[in-house]
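Given as structure tokens, the chain that follows is alone and in the form predicted on its own.
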Amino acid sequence: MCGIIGYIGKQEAAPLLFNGLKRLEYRGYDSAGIATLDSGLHIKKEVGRIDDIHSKLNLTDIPGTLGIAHTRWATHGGVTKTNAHPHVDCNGNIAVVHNGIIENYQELRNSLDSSNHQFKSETDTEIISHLIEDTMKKGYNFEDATISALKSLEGSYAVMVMNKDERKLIAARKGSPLVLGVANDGYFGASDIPAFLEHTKDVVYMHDFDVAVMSDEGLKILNILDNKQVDRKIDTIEWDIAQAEKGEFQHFMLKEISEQVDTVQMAVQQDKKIIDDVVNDIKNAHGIFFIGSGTSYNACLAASYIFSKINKMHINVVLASEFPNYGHFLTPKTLVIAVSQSGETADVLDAVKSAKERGCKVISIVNVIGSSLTRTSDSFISLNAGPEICVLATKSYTSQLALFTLLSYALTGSYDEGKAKLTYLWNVIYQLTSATMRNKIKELAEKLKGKNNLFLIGRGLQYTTALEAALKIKEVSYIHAEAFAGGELKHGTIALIEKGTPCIVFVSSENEKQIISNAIEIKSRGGYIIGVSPRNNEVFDFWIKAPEANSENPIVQIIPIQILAYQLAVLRGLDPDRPRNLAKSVTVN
């Protein structure tokens, strides 16, 4: 879940790499480092966030027009300067940055230890530089030695390598994201497109086992599965650099919450043929699974309620990490719809792999075109949400819900009706994200910022919203938040309620009587009741008005709690864009 970037071209590399790292910091922020090549290798790295490291070391003043850089989310080895990337070989000739997990690194390290290699870090990444060094000692050139080293690795990797004696940048991927940028004056490689988006919109999506060799003479790509050079087309993306910047907002999280006025609309601006094809696949399937992780799983669960309500259809919903345990249910007639914002979530990719092995058809709902999931699936639908930089998913969640809802309506032959209802939501979302609403929710955040526990309840679609709302609050504010189905209170949960315990209650016209009864049970035991509801109720101590939207309620009702989670983080002195221990794309299992 680290971020890597490399550049070779005519411009000074360090400033480009530094700016790219800033755009990748959502992928990891334990430590960072840069290496450039001029008369020799120049390396700067340190523990901390990129701005803090820059103020200490000045990451932009090292010379050279070829370089690599890394921002780390620690997996192997503690958060130390020694473990920060780039890593080098014994002689300091080979520099490597890496995202992923090398599963056999201990075995490889032990074999190299016997050859008198000196390791400085605790990381699995360092093994790559020593393997290349060891192979070059046997007479291999830099390019062949790198390919040989990559072939010995087990696990996942996105790697970029440079050698002080050659003006080449080598990039490779297997199971971890890596995309190339083709600029007028050079080439980029990075974990994600925003890292180089201000310099080029022309990209090459690398496939697993691809090795790209970039030099002043051009770009060539080999695939080491068959040891042949391959052609990978250059795509032009539609994202704009402004979408990857905060603009007038203090944080990406608030910017992306506000963007939902537009992104929900973009989600339903689909080629109708694509929607019709998916609808036909759903109709013809014998057994349907929706799979996802984290927020995407919550979207899948909400969708299962929507399909039950609108289509009278049963959907199996499974956490991606648990999906392999359902393998004995899968047949070639099974349809799997996999959901992931990044398209690089390791658990989702593993689940899709297990489905494909059993002959299932796989359709993905994804935000990043060209991601591993789009290439692994039989077909995909794009969320069209633009880059989501904040670690927390906000606009991608409501886009997923909008797309599932559109599919549900299309399945009944009511595509136009569904699209019209979802299009109408911009009015509601505009009000929910307004400054007036943000200020009102800030009042609530002031009341809750000192709390240690918070509970959320709902029934039906509101239960799925409670689950996602709890996830948002604990992810970014570090307040323990737990969601329950309203009907489960009397089965043990109500024992947790004491005087002053805050409880958010999600209400719709459909379940108002039952869920208000549950709220009364909580209040009678001293709970502080926060209602998210079309109408006020005397049981509420604080009311957030969310207009009734029927099957679209999950989109409408989550937005105020996204804002609440944001406000809680800010009031508690936390960075909402970079919550502790989390990274945007979970690319390791």
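As the structure is a prediction and not an experimental result, all values here were calculated from the model. Heads up: residue numbers just count along the shown sequence, starting at 1.
Keep in mind the form predicted together with a small molecule is missing from the figure; the text below concerns it.
- Proximity of A393 to the small molecule in the predicted complex: non-hydrogen atoms within 4.5 Å are present.
- Taking the partner from the other structure, the small molecule in the predicted complex has no heavy atom within 4.5 Å of any heavy atom of E143.
- Although the partner is absent here, S191 is not a contact residue: none of its heavy atoms lies within 4.5 angstroms of the small molecule in the predicted complex.
- Although the partner is absent from this view, Q341 contacts the small molecule in the predicted complex, with a non-hydrogen atom inside 4.5 angstroms.
- Between the small molecule and the residues T295, S372, S156, S477, the one pair within 4.5 Å by heavy atoms in the predicted complex involves T295.
- With the partner removed from view, the residue among H130, K472, R173, H87 that has a non-hydrogen atom within 4.5 Å of the small molecule in the predicted complex turns out to be K472.
- This chain is displayed without the small molecule, yet in the predicted complex the stretch 341-349 from 451-459, 341-349, 501-509, 211-219 comes within 4.5 Å of it by heavy atoms.
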